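The chain below stands alone, shown as structure tokens; this is the form predicted on its own.
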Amino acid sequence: MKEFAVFWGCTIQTRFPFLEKSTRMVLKEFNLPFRDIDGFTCCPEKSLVNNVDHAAFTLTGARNVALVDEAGLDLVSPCTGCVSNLATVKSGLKADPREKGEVNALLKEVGREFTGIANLSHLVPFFHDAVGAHKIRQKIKRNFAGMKLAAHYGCHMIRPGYALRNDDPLDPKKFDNLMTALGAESLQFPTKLMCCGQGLDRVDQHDNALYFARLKLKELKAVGADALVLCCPSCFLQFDNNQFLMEKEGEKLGVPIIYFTELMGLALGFNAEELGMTAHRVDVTSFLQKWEAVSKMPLNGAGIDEAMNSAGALG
């Protein structure tokens, strides 16, 4: 496997360092050839920077890609928005030689050059395609048989499809396949591909952001999900932090939010405290208790039902 740089982005390292921790633990456990490199900045964030100054958005993204281009590395990120933004810039510049020339003329002033040769990947399709289900099954120490998990793709893991080309943007399967490889049932539900709504908080529409979160969380309770699994720090902020705010106002939804690397870490044998899951705003105890109970039961309908009842599962 080619060596790759991890692009952490802004949100994970500043707001959720425990997600960085679980990602590093999982990458090291799989002996994957990752590196940290100096010089990365904000990706930059699309909905804010690009709408205000497209040239600044493009130049900043191109400079970040140039760092891995020059180092001969690929790039992998546990942030869907970062990969989507960088891939959008890369695709646009490769399709427009004039704009690429203008950008490189500016980058030359700081000793950089964008070529776009680096492969850019989000962590979920990277694990699906580069690591593979077979190696994952070989490596994990304990699976999630008997657990019902809801995969949240979010907007940016699979879009824009023309730039990312890593899954079907209308009918994605790779996140579901990874849940299945870990032994869980990956649930299908109507709001599966709906935007989390976190971006509404950025434009002072907090009530509408809560409305979006509430729609999905209520549906997950209705379909009996044991947890919502995602791999985007903005989506994590929406469903963990905003769900916590709703609970403070008396709305007890109680849907555990699990990051993909935390789920992988648990399967690899790390405990929740080691992975930093105690730093979540919404308690994940119900998920962990059911998993513990189910793992001791025979995998038949009666055993699973008994485990769900004894652990106080969702729904």
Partner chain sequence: MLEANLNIRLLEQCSRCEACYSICPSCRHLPGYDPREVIKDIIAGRFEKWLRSKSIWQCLECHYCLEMCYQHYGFENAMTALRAVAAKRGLHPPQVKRGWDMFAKTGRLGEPALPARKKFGLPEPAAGGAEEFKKLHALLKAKRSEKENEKQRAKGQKAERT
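Numbering follows the first chain given and starts at 1. These numbers were taken from a predicted model, which means no experiment stands behind them.
Heads up, the form predicted together with the partner chain isn't pictured, but that's what we're talking about next.
- Every residue in the set Thr14, Lys21 and Gly197 has a non-hydrogen atom no more than 4.5 Å from the partner chain in the predicted complex.
- Glu219 falls outside the set of residues with a heavy atom inside 4.5 Å of the partner chain in the predicted complex.
- Among residues of the shown chain, Asp129 is not one whose heavy atoms approach the partner chain to within 4.5 Å in the predicted complex.
- Looking at Glu45, you'd find a heavy atom of it within 4.5 angstroms of the partner chain in the predicted complex.
- At a distance threshold of 4.5 angstroms between non-hydrogen atoms, Ile140 is out of contact with the partner chain in the predicted complex.
- Put simply, of Ala71, Leu245, Leu215, Ala133 only one has a heavy atom within 4.5 Å of the partner chain in the predicted complex, and it is Leu215.
- Heavy atoms within 4.5 Å of the partner chain in the predicted complex are found in one stretch of 246-254, 45-53, 259-267, 281-289, which is 45-53.
- For the stretch 189-205, the set of residues having any non-hydrogen atom within 4.5 angstroms of the partner chain in the predicted complex comprises Leu193, Met194, Cys195, Gly197, Leu200, Asp201, Arg202, Val203, Asp204, Gln205, in sequence order.
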